[in-house]
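Here you get one chain, nothing else, as structure tokens; it is the form predicted alone.
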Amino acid sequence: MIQNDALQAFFDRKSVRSFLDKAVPQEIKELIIDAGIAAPSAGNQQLYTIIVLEEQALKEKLALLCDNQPFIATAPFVLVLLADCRRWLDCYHYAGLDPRRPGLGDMLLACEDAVIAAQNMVMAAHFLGLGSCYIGDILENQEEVAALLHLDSWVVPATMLVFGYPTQQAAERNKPKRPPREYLVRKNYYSALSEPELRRLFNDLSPGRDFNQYMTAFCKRKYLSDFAQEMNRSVLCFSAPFTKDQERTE
């Protein structure tokens, strides 16, 4: 048992998708956002923008676009974190410079900044008694999401977060078991897990279940799903401007 409440929180925090009909106070919202802004950032650039969704119509549209998940629309506090390569690019232009076009590395670095900030936010929410959930499906439906949030070519969604006070059932739900570190940690160099190791890993997480049957069903439900294919299509669209030759920007 971990003899430290702060450290224990990292092991206790779990995704919550069912919230009480209870508003999150404005000071709590601001504290969560400020915790995100305090996160580490590449060169202290804060390569992200945080959108606070206050219009119910926007939440409802995004709930549909994000693989039709109604709990998004009912969450009392919803944020979209954008990987933002526009802010610094504009600064360079305003300083009279002739900067190169942002590249895929810039986009990925901005995504890292945004997700690091997001993790600070979900942990701050946990400390404050709120539940939260990451919504990776914000990467789907590029055209509609970009139009809805007024995004331009150098700003792309990194993740969405929903927050609220958990229902009793959500609070009592067990956190899914995580893999033992032996399957995830390597010293010095990467090596892929062998088939016996992968089968042992699965048995550790889901004892008594048939590996082949589960993998067949999971692959169909997740990896080969329509939403996974749509996500890949959308990410290609979002990243297209960043993958062009590194010419100067207009």
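Values in this document were obtained by computation on a predicted structure and should not be read as measured data. Note that residue numbering begins at 1 and tracks the sequence as displayed.
This next part talks about the form predicted in complex with another copy of the chain, which is not shown.
A residue is said to contact a partner when one of its heavy atoms sits within 4.5 Å of a partner heavy atom; Gln69 fails this definition for another copy of the chain in the predicted complex, lying far away. Another copy of the chain in the predicted complex is approached by Val235, whose closest heavy atom lies within 4.5 angstroms of it. In the predicted complex, another copy of the chain lies within 4.5 Å of some heavy atom of Lys187. In the predicted complex, no heavy atom of Asn203 sits within 4.5 Å of another copy of the chain.
With respect to another copy of the chain in the predicted complex, the three residues Ala39, His150 and Ser239 uniformly fall within 4.5 angstroms at the level of their nearest heavy atom. In the predicted complex, another copy of the chain lies within 4.5 angstroms of at least one heavy atom of each of the following residues of 209-236: Phe211, Asn212, Met215, Thr216, Phe218, Cys219, Lys222, Tyr223, Leu224, Ala228, Gln229, Met231, Asn232, Arg233, Val235, Leu236, in sequence order.
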